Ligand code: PXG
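Quick heads-up: it's one chain on its own, the form predicted on its own, in C-alpha coordinates.
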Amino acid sequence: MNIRNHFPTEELQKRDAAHHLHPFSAQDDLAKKGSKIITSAQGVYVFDSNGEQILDAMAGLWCVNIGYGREELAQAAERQMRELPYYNTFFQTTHIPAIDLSEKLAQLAPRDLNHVFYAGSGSEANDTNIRIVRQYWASLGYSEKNIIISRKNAYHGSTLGGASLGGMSAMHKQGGLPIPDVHHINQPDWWAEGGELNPEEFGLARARELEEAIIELGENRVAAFIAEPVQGAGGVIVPPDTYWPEIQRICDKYEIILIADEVICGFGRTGNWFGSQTMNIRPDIMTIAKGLSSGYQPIGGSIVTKKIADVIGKDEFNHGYTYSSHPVAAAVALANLNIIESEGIIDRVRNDTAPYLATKWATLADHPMVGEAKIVGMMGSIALTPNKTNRARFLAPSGTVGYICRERCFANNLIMRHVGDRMIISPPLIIDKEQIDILIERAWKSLDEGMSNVKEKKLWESAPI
(Lines give C-alpha, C1' and ligand atoms only; values in the text may rest on other atoms or scores of the structure.)
Protein backbone atom coordinates (compact mmCIF):
# COMPACT_ATOMS: atom_id res chain seq x y z
CA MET A 1 0.00 0.00 0.00
CA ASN A 2 1.19 3.52 -0.76
CA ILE A 3 1.73 5.31 2.55
CA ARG A 4 1.17 9.01 2.05
CA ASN A 5 3.81 10.21 4.47
CA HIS A 6 6.82 12.31 3.63
CA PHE A 7 8.01 13.07 7.16
CA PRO A 8 10.27 11.04 9.46
CA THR A 9 8.36 9.39 12.29
CA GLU A 10 10.40 11.18 14.96
CA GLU A 11 9.55 14.56 13.47
CA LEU A 12 5.84 13.71 13.45
CA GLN A 13 6.04 12.54 17.06
CA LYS A 14 7.70 15.78 18.14
CA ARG A 15 5.09 17.89 16.35
CA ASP A 16 2.34 15.81 17.92
CA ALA A 17 3.76 16.18 21.42
CA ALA A 18 4.21 19.92 20.97
CA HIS A 19 0.54 20.75 20.46
CA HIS A 20 -1.77 17.73 20.72
CA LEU A 21 -3.41 16.66 23.99
CA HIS A 22 -4.41 12.98 23.81
CA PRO A 23 -7.44 11.39 25.50
CA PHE A 24 -6.81 9.08 28.47
CA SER A 25 -3.05 9.65 28.31
CA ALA A 26 -0.26 10.90 30.56
CA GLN A 27 1.01 13.53 28.16
CA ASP A 28 4.59 13.70 29.52
CA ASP A 29 5.06 9.93 29.34
CA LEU A 30 3.58 9.81 25.85
CA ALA A 31 5.88 12.59 24.66
CA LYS A 32 8.92 10.64 25.87
CA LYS A 33 7.78 7.41 24.26
CA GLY A 34 6.38 8.96 21.07
CA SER A 35 2.94 8.36 19.58
CA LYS A 36 2.39 5.64 17.01
CA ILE A 37 1.56 7.51 13.80
CA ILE A 38 -1.22 5.85 11.79
CA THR A 39 -1.17 7.03 8.19
CA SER A 40 -3.70 4.91 6.28
CA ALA A 41 -5.96 1.88 6.55
CA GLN A 42 -7.67 -0.78 4.45
CA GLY A 43 -10.01 -3.57 5.46
CA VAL A 44 -8.94 -4.86 8.90
CA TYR A 45 -5.44 -3.36 8.70
CA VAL A 46 -3.96 0.01 9.60
CA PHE A 47 -0.55 1.21 8.40
CA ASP A 48 1.88 3.32 10.40
CA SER A 49 4.48 5.88 9.42
CA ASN A 50 7.16 3.18 9.29
CA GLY A 51 5.18 1.20 6.74
CA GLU A 52 4.10 -1.55 9.16
CA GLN A 53 0.83 -3.38 8.43
CA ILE A 54 -1.02 -3.84 11.71
CA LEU A 55 -4.10 -6.03 12.26
CA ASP A 56 -6.59 -3.80 14.06
CA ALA A 57 -8.39 -6.18 16.41
CA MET A 58 -10.10 -3.20 18.09
CA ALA A 59 -11.83 -1.79 14.97
CA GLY A 60 -10.43 1.62 15.80
CA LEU A 61 -12.28 2.29 19.04
CA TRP A 62 -14.89 -0.49 18.80
CA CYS A 63 -16.43 1.26 15.81
CA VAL A 64 -15.10 0.45 12.31
CA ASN A 65 -17.61 -2.36 11.82
CA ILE A 66 -17.50 -2.49 8.00
CA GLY A 67 -13.73 -2.06 7.87
CA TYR A 68 -11.53 0.69 6.52
CA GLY A 69 -11.43 2.13 3.01
CA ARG A 70 -15.09 1.83 1.99
CA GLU A 71 -15.41 4.11 -1.00
CA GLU A 72 -19.21 4.15 -0.73
CA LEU A 73 -19.05 6.11 2.52
CA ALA A 74 -16.60 8.62 1.08
CA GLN A 75 -18.94 9.12 -1.86
CA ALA A 76 -21.96 9.52 0.43
CA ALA A 77 -20.13 12.22 2.39
CA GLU A 78 -19.05 14.02 -0.79
CA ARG A 79 -22.55 14.01 -2.28
CA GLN A 80 -24.07 15.37 0.91
CA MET A 81 -21.37 18.02 1.36
CA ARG A 82 -22.07 19.31 -2.12
CA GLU A 83 -25.84 19.32 -1.65
CA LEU A 84 -26.27 20.41 1.97
CA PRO A 85 -23.07 20.43 4.05
CA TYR A 86 -24.80 21.59 7.21
CA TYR A 87 -28.08 22.68 8.60
CA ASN A 88 -29.50 22.36 12.08
CA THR A 89 -32.75 20.76 13.17
CA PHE A 90 -33.58 23.45 15.72
CA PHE A 91 -36.35 26.02 15.05
CA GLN A 92 -38.82 23.62 13.43
CA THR A 93 -36.56 22.59 10.54
CA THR A 94 -35.28 19.26 9.28
CA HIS A 95 -33.52 17.77 6.28
CA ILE A 96 -33.73 14.59 4.21
CA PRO A 97 -30.71 12.72 5.70
CA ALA A 98 -32.19 13.07 9.20
CA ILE A 99 -35.60 11.89 7.97
CA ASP A 100 -34.14 8.91 6.10
CA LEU A 101 -31.83 7.81 8.90
CA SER A 102 -34.52 8.11 11.57
CA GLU A 103 -36.89 6.03 9.49
CA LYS A 104 -34.21 3.37 8.97
CA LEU A 105 -33.33 3.19 12.66
CA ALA A 106 -37.01 2.86 13.56
CA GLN A 107 -37.19 -0.13 11.21
CA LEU A 108 -34.08 -1.79 12.64
CA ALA A 109 -34.67 -1.18 16.34
CA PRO A 110 -36.68 -3.81 18.22
CA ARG A 111 -40.27 -3.45 19.41
CA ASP A 112 -41.58 0.12 19.65
CA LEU A 113 -38.20 1.88 19.86
CA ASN A 114 -38.96 4.26 17.01
CA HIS A 115 -37.98 7.86 17.82
CA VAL A 116 -34.39 9.16 17.66
CA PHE A 117 -32.73 12.15 19.32
CA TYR A 118 -29.32 12.72 17.72
CA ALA A 119 -25.99 13.65 19.26
CA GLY A 120 -22.39 13.78 18.12
CA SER A 121 -21.20 10.85 20.23
CA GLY A 122 -22.25 8.20 22.69
CA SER A 123 -21.13 10.42 25.57
CA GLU A 124 -23.46 13.20 24.41
CA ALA A 125 -26.27 10.71 23.88
CA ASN A 126 -25.98 9.46 27.45
CA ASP A 127 -26.07 13.06 28.68
CA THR A 128 -29.26 13.35 26.63
CA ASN A 129 -30.63 10.23 28.32
CA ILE A 130 -30.29 11.87 31.73
CA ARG A 131 -32.37 14.80 30.44
CA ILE A 132 -34.94 12.56 28.74
CA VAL A 133 -35.48 10.33 31.77
CA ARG A 134 -35.88 13.19 34.21
CA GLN A 135 -38.10 15.18 31.87
CA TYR A 136 -40.26 12.12 31.27
CA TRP A 137 -41.00 11.57 34.95
CA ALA A 138 -41.39 15.28 35.67
CA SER A 139 -43.94 15.55 32.84
CA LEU A 140 -45.93 12.78 34.51
CA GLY A 141 -45.87 14.65 37.83
CA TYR A 142 -43.03 12.73 39.49
CA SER A 143 -40.32 15.39 39.68
CA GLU A 144 -38.62 13.63 42.60
CA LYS A 145 -38.10 10.50 40.47
CA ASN A 146 -34.63 11.40 39.16
CA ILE A 147 -32.09 8.86 40.47
CA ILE A 148 -30.37 6.77 37.81
CA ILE A 149 -28.74 3.51 38.87
CA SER A 150 -25.68 2.28 37.01
CA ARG A 151 -22.86 -0.19 37.65
CA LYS A 152 -19.33 0.03 38.94
CA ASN A 153 -16.74 -0.32 36.15
CA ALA A 154 -19.34 0.58 33.53
CA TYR A 155 -18.42 3.01 30.77
CA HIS A 156 -21.00 5.46 29.45
CA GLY A 157 -18.75 8.21 28.09
CA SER A 158 -16.43 10.89 29.42
CA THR A 159 -18.60 14.00 29.59
CA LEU A 160 -19.74 15.08 33.05
CA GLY A 161 -23.00 13.23 32.66
CA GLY A 162 -21.63 10.21 30.82
CA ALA A 163 -18.70 9.75 33.19
CA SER A 164 -21.06 10.07 36.16
CA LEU A 165 -23.29 7.34 34.78
CA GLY A 166 -20.16 5.27 34.22
CA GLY A 167 -18.67 3.59 37.24
CA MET A 168 -14.93 3.90 36.68
CA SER A 169 -13.22 5.09 39.85
CA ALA A 170 -10.25 6.64 38.02
CA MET A 171 -12.63 8.91 36.12
CA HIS A 172 -14.58 9.81 39.26
CA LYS A 173 -11.38 11.02 40.92
CA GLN A 174 -11.14 13.86 38.40
CA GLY A 175 -13.60 16.70 38.01
CA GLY A 176 -15.84 16.23 41.03
CA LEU A 177 -17.73 13.19 39.75
CA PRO A 178 -20.27 11.71 39.86
CA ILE A 179 -22.98 14.34 39.66
CA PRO A 180 -25.82 14.04 42.21
CA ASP A 181 -28.53 11.39 41.97
CA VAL A 182 -26.45 8.74 40.22
CA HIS A 183 -26.03 5.52 42.21
CA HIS A 184 -23.78 2.55 41.39
CA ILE A 185 -24.21 -1.14 42.14
CA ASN A 186 -21.67 -3.91 41.58
CA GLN A 187 -20.85 -5.34 38.16
CA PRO A 188 -21.55 -8.97 37.08
CA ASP A 189 -17.86 -9.95 36.77
CA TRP A 190 -17.80 -13.54 38.00
CA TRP A 191 -14.12 -14.15 37.21
CA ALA A 192 -12.85 -11.31 39.38
CA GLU A 193 -15.60 -11.03 42.00
CA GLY A 194 -17.55 -14.30 42.06
CA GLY A 195 -15.89 -15.76 45.14
CA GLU A 196 -17.31 -19.18 46.04
CA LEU A 197 -20.55 -18.71 44.10
CA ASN A 198 -21.03 -20.46 40.80
CA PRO A 199 -21.75 -18.19 37.81
CA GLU A 200 -25.51 -18.74 37.94
CA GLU A 201 -25.75 -17.91 41.64
CA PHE A 202 -23.47 -14.92 41.20
CA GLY A 203 -25.49 -13.56 38.28
CA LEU A 204 -28.69 -13.62 40.33
CA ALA A 205 -26.98 -12.08 43.35
CA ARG A 206 -25.56 -9.17 41.35
CA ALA A 207 -28.86 -8.55 39.54
CA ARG A 208 -30.73 -8.47 42.84
CA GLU A 209 -28.49 -5.64 44.01
CA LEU A 210 -30.61 -3.49 41.68
CA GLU A 211 -33.77 -4.37 43.62
CA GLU A 212 -32.00 -3.77 46.91
CA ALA A 213 -30.89 -0.33 45.71
CA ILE A 214 -34.40 0.58 44.54
CA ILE A 215 -35.82 -0.33 47.95
CA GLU A 216 -33.03 1.52 49.78
CA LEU A 217 -33.23 4.69 47.68
CA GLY A 218 -37.00 4.63 47.42
CA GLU A 219 -39.09 3.40 44.52
CA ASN A 220 -40.53 6.93 44.26
CA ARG A 221 -37.02 8.30 43.61
CA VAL A 222 -35.53 5.82 41.12
CA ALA A 223 -36.04 6.83 37.49
CA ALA A 224 -33.91 4.42 35.46
CA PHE A 225 -31.24 1.74 35.28
CA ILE A 226 -28.52 2.03 32.63
CA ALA A 227 -26.17 -0.76 31.54
CA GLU A 228 -24.26 -2.11 28.57
CA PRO A 229 -25.56 -5.52 27.41
CA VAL A 230 -21.89 -6.59 27.54
CA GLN A 231 -19.52 -4.25 29.36
CA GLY A 232 -17.03 -3.11 26.77
CA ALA A 233 -14.43 -0.68 28.04
CA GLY A 234 -14.69 -2.32 31.47
CA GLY A 235 -13.00 -5.40 30.01
CA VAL A 236 -15.63 -7.18 27.88
CA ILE A 237 -17.42 -8.48 30.95
CA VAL A 238 -19.97 -11.05 29.78
CA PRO A 239 -22.62 -11.47 32.50
CA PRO A 240 -23.75 -14.94 33.62
CA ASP A 241 -26.87 -16.21 31.86
CA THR A 242 -29.00 -15.58 34.94
CA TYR A 243 -28.17 -11.89 35.15
CA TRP A 244 -30.20 -10.12 32.45
CA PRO A 245 -33.49 -12.02 32.91
CA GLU A 246 -33.47 -11.00 36.57
CA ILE A 247 -32.60 -7.37 35.74
CA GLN A 248 -35.51 -7.29 33.29
CA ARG A 249 -37.87 -8.73 35.92
CA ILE A 250 -36.85 -6.06 38.42
CA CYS A 251 -37.22 -3.19 35.94
CA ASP A 252 -40.67 -4.48 34.99
CA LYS A 253 -41.74 -4.93 38.61
CA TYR A 254 -40.80 -1.41 39.69
CA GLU A 255 -41.65 0.23 36.35
CA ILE A 256 -38.28 1.94 35.99
CA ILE A 257 -36.83 2.90 32.63
CA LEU A 258 -34.25 0.47 31.29
CA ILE A 259 -31.51 2.14 29.24
CA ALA A 260 -29.35 -0.20 27.17
CA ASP A 261 -26.09 1.46 26.23
CA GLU A 262 -25.60 -0.03 22.76
CA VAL A 263 -22.70 2.25 21.77
CA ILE A 264 -20.36 -0.75 21.52
CA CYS A 265 -22.80 -3.65 21.27
CA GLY A 266 -25.00 -2.15 18.56
CA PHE A 267 -24.97 -2.64 14.78
CA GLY A 268 -23.80 -6.23 14.61
CA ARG A 269 -21.10 -6.45 17.24
CA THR A 270 -22.81 -9.28 19.18
CA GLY A 271 -24.18 -11.10 16.12
CA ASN A 272 -27.51 -9.26 16.06
CA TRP A 273 -28.37 -5.70 15.16
CA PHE A 274 -28.36 -4.84 18.87
CA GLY A 275 -26.91 -6.40 22.00
CA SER A 276 -30.34 -6.13 23.61
CA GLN A 277 -31.56 -8.75 21.14
CA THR A 278 -28.62 -11.02 21.93
CA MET A 279 -29.29 -10.72 25.67
CA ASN A 280 -33.08 -10.84 25.20
CA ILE A 281 -33.83 -7.63 27.07
CA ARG A 282 -36.47 -4.98 26.38
CA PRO A 283 -34.97 -1.51 26.82
CA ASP A 284 -37.03 1.68 26.83
CA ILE A 285 -34.05 3.68 25.55
CA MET A 286 -31.02 2.58 23.54
CA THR A 287 -27.85 4.66 23.31
CA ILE A 288 -26.22 4.40 19.88
CA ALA A 289 -23.00 5.65 18.25
CA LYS A 290 -19.74 4.03 16.99
CA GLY A 291 -20.99 1.30 14.62
CA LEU A 292 -23.85 3.57 13.52
CA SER A 293 -21.43 5.13 11.01
CA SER A 294 -18.59 2.60 11.43
CA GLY A 295 -16.63 5.57 12.79
CA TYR A 296 -16.52 7.31 9.41
CA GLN A 297 -18.42 10.30 10.84
CA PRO A 298 -19.07 11.38 14.43
CA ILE A 299 -22.70 10.62 15.25
CA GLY A 300 -24.66 9.21 18.16
CA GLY A 301 -28.18 9.20 19.45
CA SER A 302 -30.88 7.94 21.76
CA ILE A 303 -33.60 5.68 20.38
CA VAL A 304 -36.67 5.87 22.62
CA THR A 305 -40.03 4.16 22.69
CA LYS A 306 -43.15 5.85 21.38
CA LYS A 307 -44.43 5.98 24.97
CA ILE A 308 -41.47 8.09 26.07
CA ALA A 309 -41.49 10.21 22.91
CA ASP A 310 -45.18 10.99 23.36
CA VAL A 311 -44.67 12.18 26.94
CA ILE A 312 -41.63 14.40 26.41
CA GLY A 313 -43.14 15.67 23.16
CA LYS A 314 -46.00 17.41 24.94
CA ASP A 315 -43.74 20.29 26.05
CA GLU A 316 -40.69 21.97 24.58
CA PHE A 317 -37.61 19.83 25.29
CA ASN A 318 -34.92 22.41 26.01
CA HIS A 319 -32.00 20.35 24.85
CA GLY A 320 -29.91 19.89 21.72
CA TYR A 321 -26.50 20.15 20.07
CA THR A 322 -25.23 22.22 17.16
CA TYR A 323 -24.39 19.01 15.33
CA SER A 324 -27.50 17.01 16.25
CA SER A 325 -28.52 15.06 13.12
CA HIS A 326 -25.71 16.62 11.08
CA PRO A 327 -26.66 15.98 7.43
CA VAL A 328 -23.25 14.62 6.36
CA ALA A 329 -22.99 12.34 9.39
CA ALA A 330 -26.57 11.14 8.87
CA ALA A 331 -25.97 10.43 5.17
CA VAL A 332 -22.82 8.45 5.94
CA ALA A 333 -24.54 6.53 8.74
CA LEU A 334 -27.39 5.59 6.41
CA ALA A 335 -24.92 4.41 3.74
CA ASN A 336 -23.13 2.36 6.41
CA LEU A 337 -26.37 0.69 7.56
CA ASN A 338 -27.28 -0.10 3.98
CA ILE A 339 -23.90 -1.83 3.46
CA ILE A 340 -24.31 -3.87 6.64
CA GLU A 341 -27.76 -4.94 5.49
CA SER A 342 -27.17 -5.46 1.76
CA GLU A 343 -23.95 -7.45 2.25
CA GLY A 344 -25.46 -9.65 4.97
CA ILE A 345 -22.63 -8.77 7.32
CA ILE A 346 -24.53 -9.51 10.53
CA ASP A 347 -25.79 -12.87 9.27
CA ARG A 348 -22.23 -13.80 8.30
CA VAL A 349 -20.96 -12.78 11.72
CA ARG A 350 -23.67 -14.71 13.56
CA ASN A 351 -23.55 -17.87 11.45
CA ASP A 352 -19.97 -18.09 10.23
CA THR A 353 -17.13 -15.89 11.44
CA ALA A 354 -18.20 -15.35 15.07
CA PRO A 355 -18.55 -19.10 15.76
CA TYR A 356 -15.16 -19.63 14.11
CA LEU A 357 -13.60 -16.86 16.20
CA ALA A 358 -15.22 -18.24 19.36
CA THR A 359 -13.65 -21.66 18.75
CA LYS A 360 -10.23 -20.15 18.11
CA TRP A 361 -10.53 -17.67 21.00
CA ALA A 362 -11.34 -20.48 23.43
CA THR A 363 -7.95 -22.07 22.71
CA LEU A 364 -6.24 -19.11 24.36
CA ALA A 365 -7.53 -20.43 27.69
CA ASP A 366 -4.91 -23.17 27.30
CA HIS A 367 -2.14 -20.61 27.68
CA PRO A 368 -0.45 -20.77 31.11
CA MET A 369 -1.20 -17.09 31.79
CA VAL A 370 -4.88 -17.12 30.72
CA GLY A 371 -7.58 -17.96 33.23
CA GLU A 372 -10.69 -17.54 31.12
CA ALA A 373 -11.55 -16.63 27.55
CA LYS A 374 -14.98 -15.03 27.08
CA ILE A 375 -16.55 -13.92 23.82
CA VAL A 376 -19.89 -12.76 22.44
CA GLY A 377 -20.07 -12.23 18.70
CA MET A 378 -17.11 -10.06 17.75
CA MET A 379 -16.08 -8.86 21.21
CA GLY A 380 -13.89 -10.99 23.44
CA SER A 381 -11.63 -10.90 26.46
CA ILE A 382 -9.08 -13.04 28.25
CA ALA A 383 -8.25 -12.77 31.93
CA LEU A 384 -4.55 -12.86 32.77
CA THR A 385 -3.61 -14.69 35.95
CA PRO A 386 -0.59 -16.28 37.66
CA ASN A 387 -2.82 -19.08 38.99
CA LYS A 388 -5.80 -20.43 37.07
CA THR A 389 -7.06 -22.73 39.81
CA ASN A 390 -8.03 -19.98 42.25
CA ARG A 391 -8.61 -17.13 39.76
CA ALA A 392 -5.73 -15.21 41.34
CA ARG A 393 -4.87 -11.62 40.54
CA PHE A 394 -1.27 -10.53 40.06
CA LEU A 395 0.35 -8.91 43.08
CA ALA A 396 1.58 -6.06 40.88
CA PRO A 397 -0.85 -3.13 40.48
CA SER A 398 -3.73 -3.89 38.14
CA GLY A 399 -2.76 -3.23 34.54
CA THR A 400 0.97 -3.83 34.99
CA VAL A 401 0.90 -7.25 33.35
CA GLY A 402 -1.82 -6.25 30.90
CA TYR A 403 0.29 -3.35 29.65
CA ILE A 404 3.30 -5.61 29.15
CA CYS A 405 1.18 -7.92 26.99
CA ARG A 406 -0.35 -4.99 25.15
CA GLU A 407 3.13 -3.75 24.21
CA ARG A 408 4.07 -7.19 22.89
CA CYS A 409 0.89 -7.17 20.78
CA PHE A 410 1.92 -3.90 19.15
CA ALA A 411 5.42 -5.26 18.60
CA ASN A 412 3.81 -8.19 16.77
CA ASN A 413 1.61 -5.92 14.62
CA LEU A 414 -1.59 -6.68 16.49
CA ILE A 415 -3.79 -4.06 18.13
CA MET A 416 -5.23 -5.77 21.18
CA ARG A 417 -6.12 -3.54 24.11
CA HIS A 418 -5.63 -4.15 27.81
CA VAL A 419 -8.10 -3.21 30.53
CA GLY A 420 -6.37 -3.82 33.81
CA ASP A 421 -5.06 -7.36 33.43
CA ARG A 422 -7.61 -8.36 30.82
CA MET A 423 -6.83 -8.36 27.10
CA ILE A 424 -9.74 -7.48 24.83
CA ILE A 425 -10.62 -7.52 21.14
CA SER A 426 -13.37 -6.04 18.98
CA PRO A 427 -12.31 -6.57 15.35
CA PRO A 428 -14.09 -5.20 12.28
CA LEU A 429 -17.13 -7.32 11.49
CA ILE A 430 -15.72 -8.03 8.03
CA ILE A 431 -12.75 -9.99 9.39
CA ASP A 432 -12.45 -13.35 7.61
CA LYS A 433 -11.28 -16.74 8.85
CA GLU A 434 -7.75 -16.36 7.50
CA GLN A 435 -7.41 -13.04 9.31
CA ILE A 436 -8.85 -14.59 12.47
CA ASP A 437 -6.11 -17.22 12.30
CA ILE A 438 -3.52 -14.43 12.04
CA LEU A 439 -5.11 -12.66 15.03
CA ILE A 440 -4.95 -15.79 17.20
CA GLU A 441 -1.39 -16.61 16.09
CA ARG A 442 -0.18 -13.12 16.98
CA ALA A 443 -2.13 -13.12 20.25
CA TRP A 444 -0.55 -16.41 21.30
CA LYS A 445 2.92 -15.18 20.41
CA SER A 446 2.34 -11.96 22.36
CA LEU A 447 1.15 -13.90 25.40
CA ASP A 448 4.26 -16.09 25.27
CA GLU A 449 6.52 -13.04 25.08
CA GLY A 450 4.48 -11.21 27.69
CA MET A 451 4.74 -14.10 30.14
CA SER A 452 8.51 -14.25 29.62
CA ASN A 453 8.77 -10.52 30.34
CA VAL A 454 6.57 -10.84 33.43
CA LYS A 455 8.77 -13.58 34.82
CA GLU A 456 11.97 -11.71 33.94
CA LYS A 457 10.64 -8.68 35.84
CA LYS A 458 9.77 -10.99 38.78
CA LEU A 459 6.08 -10.09 38.54
CA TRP A 460 4.79 -13.68 38.44
CA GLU A 461 3.33 -13.52 41.92
CA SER A 462 -0.26 -13.87 43.13
CA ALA A 463 -2.01 -11.29 45.26
CA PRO A 464 -3.34 -12.53 48.61
CA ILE A 465 -6.86 -13.90 48.32
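Nothing here was measured: the structure is a model prediction, and the numbers come from that model. Don't overthink the numbering: it's just position in the shown sequence, from 1.
Form predicted together with the named molecule: not shown, discussed below.
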- Query: Taking 4.5 angstroms as the cut-off for heavy atoms, does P188 touch the named molecule in the model of the complex?
  - Reply: no
- Query: Just to confirm, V263 within 4.5 Å of the named molecule in the model of the complex by heavy atoms?
  - Reply: yes
- According to a 4.5 angstroms non-hydrogen atom cut-off, is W62 in contact with the named molecule in the model of the complex? yes
- Query: Looking in the model of the complex, any heavy atom of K290 within 4.5 Å of the named molecule?
  - Reply: yes
- Task: Tell me, out of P283, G275, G122, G380, which residue has a non-hydrogen atom within 4.5 angstroms of the named molecule in the model of the complex.
- Result: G122
- Residue within 4.5 Å of the named molecule in the model of the complex by heavy atom, from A233, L258, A98, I346, is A233
- Message: Contact check in the model of the complex: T128, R151 and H319 versus the named molecule, with a cutoff of 4.5 Å between any heavy atoms. Do all three pass?
- Response: no
- Any idea which of 244-252, 330-338, 89-97, 263-271 reaches within 4.5 Å of the named molecule in the model of the complex, heavy atoms considered? 263-271
- Message: Within 4.5 Å of the named molecule in the model of the complex, counting any non-hydrogen atom, which residues from 348-367 show up?
- Response: none
